[in-house]
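Single chain ahead, by itself, as structure tokens, in the form predicted on its own.
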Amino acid sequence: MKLKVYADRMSQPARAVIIFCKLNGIDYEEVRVDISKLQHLTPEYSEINPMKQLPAIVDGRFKLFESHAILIYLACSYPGIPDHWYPADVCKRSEIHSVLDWHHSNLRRGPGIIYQNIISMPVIGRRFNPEAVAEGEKFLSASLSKIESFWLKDKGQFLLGGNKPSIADLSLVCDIMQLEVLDEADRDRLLGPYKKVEQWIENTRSAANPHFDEVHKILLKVKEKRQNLRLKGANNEGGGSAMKKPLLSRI
């Protein structure tokens, strides 16, 4: 039976799994679970993932959730996966695990909080929380500083000094890409101080293209929709001056 990947491309970890499958020629069926319609909370999906989060996979009779675990499983289970994604060397493999473990309780919190309060909350009719956004920015800044000063301290193009990406690079970069829905001024303000991080993002994008850009197109669509809605709102108010200010600066 063909591998099934249950995903919504608005989910950062779901994008990482999809890109990995595409890059490595893994034959899979992408099963859309629409987060905006709360399809991840249905009884049907809970049979796939009792935690009711994305992504999840079904490979024959085997079910698995949590993106890091899925990436490790795919790298180990499918033939022909290049070693750089999840090296056979136990020391290098353990270093990747350390990045992935750090990811969930650090970097993951920043972009997630910012996105939830600026994008998700208005969709369901709730105002964003400026205190929460400030907290999200704090987590993001601390995480980017740590990536820049520690994970990217060596001369390689990728985390841990490598010259080819690992599953850790793909997983972390997909999280940071969530910031692409913001205005350019806000994105540049948040990422601009971290030149090594910005270069690492571009290195990972280049190594994972054309699939990286294709899978992330959904973020550009969300950004365009936001801009159109704001423009419409400004025009309805009789002027477009509000469009000149980035969103976060008006919180």
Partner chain sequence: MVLKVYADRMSQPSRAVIIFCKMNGIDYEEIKVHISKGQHLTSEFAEINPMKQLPAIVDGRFKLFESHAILIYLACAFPGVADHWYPADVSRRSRIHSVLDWHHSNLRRGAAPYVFNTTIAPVLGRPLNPQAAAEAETILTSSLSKLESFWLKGNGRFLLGGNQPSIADLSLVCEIMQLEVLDEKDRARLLDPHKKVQQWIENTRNATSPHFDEVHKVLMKAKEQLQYQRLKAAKNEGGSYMKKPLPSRM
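In this text the structure is predicted, and so the values were computed from the model without any measurement. Residue numbers count along the first chain shown, from 1.
FYI, the form predicted together with its partner chain isn't displayed, but the following is about it.
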*Heavy atoms within 4.5 Å of its partner chain in the model of the complex: which of the stretches 45 to 53, 22 to 30, 207 to 215, 222 to 230 has them?*
45 to 53
*Of the options Leu64, Ile35, Ala185, Ile201, which one has a non-hydrogen atom that comes within 4.5 Å of its partner chain in the model of the complex?*
Leu64
*Do Asp154 and its partner chain come within 4.5 Å of each other in the model of the complex, heavy atoms counted?*
no
*Classify Asp83 as contacting or not contacting its partner chain in the model of the complex by the rule of any non-hydrogen atom within 4.5 angstroms, answering yes or no.*
no
*According to a 4.5 angstroms non-hydrogen atom cut-off, is His68 in contact with its partner chain in the model of the complex?*
yes
_Contact flag, Glu148 vs its partner chain in the model of the complex, heavy atom cut 4.5 Å_ = no
_Heavy atom within 4.5 Å of its partner chain in the model of the complex: which residues of 88 to 107 meet that condition, in order?_
Val90, Cys91, Arg93, Ser94, Glu95, His97, Ser98, Asp101, Trp102, His104, Ser105
